[in-house]
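Next comes just one chain, in structure tokens: the form predicted on its own.
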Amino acid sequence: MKEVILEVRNLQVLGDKQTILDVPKLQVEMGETLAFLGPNGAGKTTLLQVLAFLQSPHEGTVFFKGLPVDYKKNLLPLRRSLAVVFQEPLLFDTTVFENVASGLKLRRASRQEIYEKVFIWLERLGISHLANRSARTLSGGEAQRTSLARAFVLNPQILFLDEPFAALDSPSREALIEDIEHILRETHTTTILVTHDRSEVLRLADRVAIMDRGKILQMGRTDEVFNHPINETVAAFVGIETVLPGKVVEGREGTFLVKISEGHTIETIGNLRVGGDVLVCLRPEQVTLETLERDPGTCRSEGREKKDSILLRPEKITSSARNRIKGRILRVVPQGLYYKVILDCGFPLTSFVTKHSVEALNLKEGRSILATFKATAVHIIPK
């Protein structure tokens, strides 16, 4: 078990006649990246500010390296062991070098140490050529890289990132996320990331806390939370686009059939109760599309030809996808690197596919299609 560097017990922050933050328990492990994910107003930034000793809680205790923090005392020594990077870079009106060196100068580092450490981080963040440039002349991406270099050069015990990529254009954002991903992996810097962007969590976070209305709804390893949300609200936050009410109608040897509409059942696995009401959750990237061919000898899946169409000769099924459902395409929506295909299968179903698949399968509105997915891809939430 990893060492806990930061811990919260019974934390509350109060506002005008309402509770802004209510966190009974939270632990941050040494060397991990923990993300707070949720909509605007969820309390993410407030929690970050309390953990970074920038805001006092009304109730509860924060422990740093096992010792309780007294917010009524001078917290400057503790703050100097941390670093915070905000959405908008807060840079001094001086050069890039002087901005990155500012924290080291406050700590009375030697001139040689300052020079060596600053240029190490200017190089790692790809802005060494900007060392003598005025901060006022920087682009958004360059300014945020300068702000991050100023944080990393201090070798903080905890790095706080408050929506650091939100204000950047798409190419700058992608390049910076890739660099930060490598840096965090190499340095094992304990990091707390606040974001409303799921892709940032998937790229950077070891664990994630889903927040809404000042509370943590679910917290755990990123893959676990994204694939096994505990309720419909969390499912929406983590990008599960298909959430369907259903009833367990049959169970046999660890597999179950869930009726989701008249004439439609989905096969899944788990420990369910026959007769129980449930929510069926399915991530769009788990749904594969196949064309419906009139030729009984062929069908195409993701652009590859297959012999013996499973629609016409079910005894020839070789796929592990136990769910195979005919539907009609309602919309094909570009989503950056992929396309969202919205289907009417007698119930709504969403799939993510590549541009190549859209072209190879000739996916377009009104076309009949076969959607397939594994029983193991289905997540069930008991109601």
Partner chain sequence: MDLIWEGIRKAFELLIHRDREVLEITLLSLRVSGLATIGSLFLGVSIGTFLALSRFPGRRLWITLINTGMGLPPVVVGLFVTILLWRNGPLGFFHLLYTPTAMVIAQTILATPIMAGLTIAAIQHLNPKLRLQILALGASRCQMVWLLLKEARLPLLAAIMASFGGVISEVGASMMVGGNIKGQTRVLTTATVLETSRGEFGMAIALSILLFLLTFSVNLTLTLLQQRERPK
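Because the structure is predicted, anything quoted here is derived from the model rather than measured. Numbering follows the first chain given and starts at 1.
Unshown form predicted in complex with its partner chain; subsequent notes refer to it.
State the residue from Asp169, Asp277, Glu186, Asp93 whose non-hydrogen atoms include one within 4.5 Å of its partner chain in the predicted bound form.
It is Asp93 that has a heavy atom within 4.5 Å of the partner.
The unique member of Glu178, Glu250, Glu116, Glu88 whose heavy atoms fall within 4.5 Å of its partner chain in the predicted bound form
Here the answer is residue option Glu88.
Is Leu159 part of the interface with its partner chain in the predicted bound form - any heavy atom within 4.5 Å?
The answer is no: Leu159 has no heavy atom within 4.5 Å of its partner chain.
Closest heavy atom of Leu106 to its partner chain in the predicted bound form, within 4.5 Å or not?
Heavy-atom contact with its partner chain at 4.5 Å: present for Leu106.
Do Thr137 and its partner chain share at least one heavy atom pair within 4.5 Å in the predicted bound form?
Close contact exists here: in the predicted bound form, Thr137 approaches its partner chain to within 4.5 Å, heavy atoms only.
Hey, in the predicted bound form, is Asn231 touching its partner chain, heavy atoms inside 4.5 Å?
Because no heavy atom of Asn231 falls inside 4.5 Å of its partner chain in the predicted bound form, the answer is no.
So which of 199-207, 282-290, 95-103, 239-247 is the stretch with heavy atoms within 4.5 Å of its partner chain in the predicted bound form?
Comparing against its partner chain in the predicted bound form, the contact stretch is 95-103.
Within 4.5 Å of its partner chain in the predicted bound form, do Thr255, Val353 and Lys374 each have at least one heavy atom?
No, because Thr255, Val353 and Lys374 lack any heavy atom that approaches its partner chain to within 4.5 Å in the predicted bound form.
Taking heavy atoms and a 4.5 Å limit, what residues of 64-82 are near its partner chain in the predicted bound form?
If the 4.5 Å heavy-atom criterion is applied to its partner chain in the predicted bound form, 64-82 yields Leu76, Arg79, Arg80, Leu82.
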